[in-house]
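Take a look at this single chain in structure tokens; it is the form predicted on its own.
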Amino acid sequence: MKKILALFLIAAFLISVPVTFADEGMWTFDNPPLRQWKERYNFEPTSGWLENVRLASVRLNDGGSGGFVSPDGLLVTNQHVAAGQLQKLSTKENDLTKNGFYARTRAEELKAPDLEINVLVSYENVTERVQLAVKPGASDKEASEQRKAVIAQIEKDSTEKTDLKSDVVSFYSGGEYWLYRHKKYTDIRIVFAAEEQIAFFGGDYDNFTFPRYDLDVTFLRAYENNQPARTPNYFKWSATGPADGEFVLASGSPGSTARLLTVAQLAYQRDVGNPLQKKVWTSRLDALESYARRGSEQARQAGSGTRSLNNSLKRLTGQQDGLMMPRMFGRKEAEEKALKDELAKKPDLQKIYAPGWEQISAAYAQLPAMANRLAFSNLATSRLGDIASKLVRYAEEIRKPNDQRYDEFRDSKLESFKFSLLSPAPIYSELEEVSLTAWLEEALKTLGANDPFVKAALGGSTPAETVRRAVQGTQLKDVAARKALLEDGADAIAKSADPMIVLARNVEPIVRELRAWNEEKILNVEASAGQKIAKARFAVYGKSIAPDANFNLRLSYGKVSGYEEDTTLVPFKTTFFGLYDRAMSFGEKPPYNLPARYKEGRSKLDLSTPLNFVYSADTIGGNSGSPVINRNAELVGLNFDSNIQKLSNRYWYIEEEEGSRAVAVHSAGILEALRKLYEADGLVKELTGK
């Protein structure tokens, strides 16, 4: 193994590859693209600049990003990122999502039910320790077990030593492993949220388009020991925002890209994975929309779920359209061929690494036959079903040694697991019944009555009968009941007569069997073969290519810039003038209607104030809420979307010249609305000192 590593390191210096300087990549903080920044933008940040940006950036476990904007724990993100928490705090009488919210004093700030945020405090390269733990001649399964054992030990040692949330993160398909240590905050309170109608003005019609007119912003505050957290690293607020052509960066946690996948993996996504994902999400969305039509309260309860699924489906459609284009897919085939051709020039390395492609191709040939079972054999579409499944799984896993458990039940992750499981967020029984019944009906239709999961779940009953018994009889809606099960131990969970627990227990052997199949046949092969391909890529290109996004902190960069679209020009910014024009042009009919304060407060605003802008940085889902900053680390905007030209960027970088843009809320527009429409003087003073 050490000889192989030495060959790899030597080869990395011997093989020369031209370097391009496009605004491509979501870069880790250990390997920022310093040369590109210098060459393209004359930007040379200090180590202190990078450290401040890292410590001011936050990841939200709801699936988005944010940043501290004051030394007293104040942080900013999108309204749509915080929408789940707003909905959980809402009632029939007070819909915070619809009406918005502002706490004029800290005593009025509302505690989010189950929001955890993470700040990347430190990171350490543990690649050699993880890779050398794999013994020569180990099978893929044995190699996976050996890696998992050492990763579990690294995380456990770090957690005990530092009291920080410690995760070993894989990059470059296993080519590197890094220990990320996060400071965790779980007392997060709502300070301000814009009304959903202005945060999502234009609704799904305007989603993934530009020009846009959205004040998609929420302010939160992190607390420690019941006091605002001390956050000396924060982004100062720019009152003027960015100029046309200005260099900017986005610091956030992009969710997932697939740019380093093999052609075989991409072909599976195109032919099987994406169509199946569309079927899964459409089934869930249909159930929520059907429930929402029952009345205004039902629509409120289903609101954040329907918006999220609509957004996901629209993005998925754009991604799939890209894969279906022969020219674009041919680009991936050409990239893979070029890498293989370069590797062939080094026979010693080719012998070691080239088999990786064929191994992944052979593994993925088995996946289509199992795909439907893997997708539908779970209860996760229901919150009660998900809680029950996690409790049943916990009861089994907690009996095992730490290094032999499922990853999500390792000691280093149990605190976050329990925090989420014991969330006091409301559970709506009627919505649970509708969602889980529709899911089991779709599973029955897709998998057939003789499928092992379907038989275990239904036991001869109909989906409606099975779900009604489970939902109406369960005690899991009560946090105290969940807590009692955890405190009474694994045996109490294993013996519980709660009907939702019983349902989860009935299907758990099938879930475990499928998980074991997926790990042995797919994931373990991906890990071993992916590491070979990663080392081949390092040997040819070094680390001039950023790793795929994986919901860990990254920096991306570009410039504020409009673009050409067909035969017209698109400006780099929009203004409040445009907001009112668009509303009036549609007769203020939904989704172009304005909240009352915007209709009544128009005369208070300087309508020329910028509201949204576009910029060329490389972003994707998960970057929502990312602070957009200038070279002085001042916050000039808040990322919230991208245009339609950018939708297929999960699979490849789309050049600036093709009109690919991220969309952000303008920092000046946020201040204008806070001052003149919301009269949020205290919040403005905290942001600006004025």
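The first residue of the shown sequence is 1; numbering continues from there. Keep in mind the model is a prediction, meaning the values are calculated, not measured.
The following text describes the form predicted in complex with another copy of the chain, which does not appear among the structures shown.
Next item on the list: Name the stretch: of 426-434, 378-386, 405-413, 586-594, exactly one has residues whose heavy atoms fall within 4.5 Å of another copy of the chain in the model of the complex.
Entry: Correct option: 586-594.
Note to self: Within 4.5 Å, heavy atoms only: does Y580 come near another copy of the chain in the model of the complex?
What the structure shows: Looking in the model of the complex, residue contacts with another copy of the chain include Y580, since a heavy atom lies within 4.5 Å.
Checklist line | 4.5 Å heavy atom contact, D244 and another copy of the chain in the model of the complex | finding: Result yes; D244 sits at the interface with another copy of the chain in the model of the complex.
Item checked: Close approach of K184 to another copy of the chain in the model of the complex, 4.5 Å, heavy atom -> The answer is no: K184 has no heavy atom within 4.5 Å of another copy of the chain.
Notebook entry, point to check: Would T127 count as a contact of another copy of the chain in the model of the complex, using a 4.5 angstroms cut-off between non-hydrogen atoms?
Noted result: Contact with another copy of the chain, no.
Next item on the list: Would you kindly say which of F171, F572, F538, F453 lies with a heavy atom within 4.5 Å of another copy of the chain in the model of the complex?
Entry: Comparing distances to another copy of the chain in the model of the complex, the residue within 4.5 Å is F572.
Check: Since exactly one of E396, E441, D206, D548 fits, which has a heavy atom within 4.5 Å of another copy of the chain in the model of the complex?
Finding: Only one listed residue qualifies here, and that residue is D206.
Item checked: Interface residues of 593-614 toward another copy of the chain, as seen in the model of the complex [heavy atoms, 4.5 Å] -> Contacting residues: R602, L607, S608.
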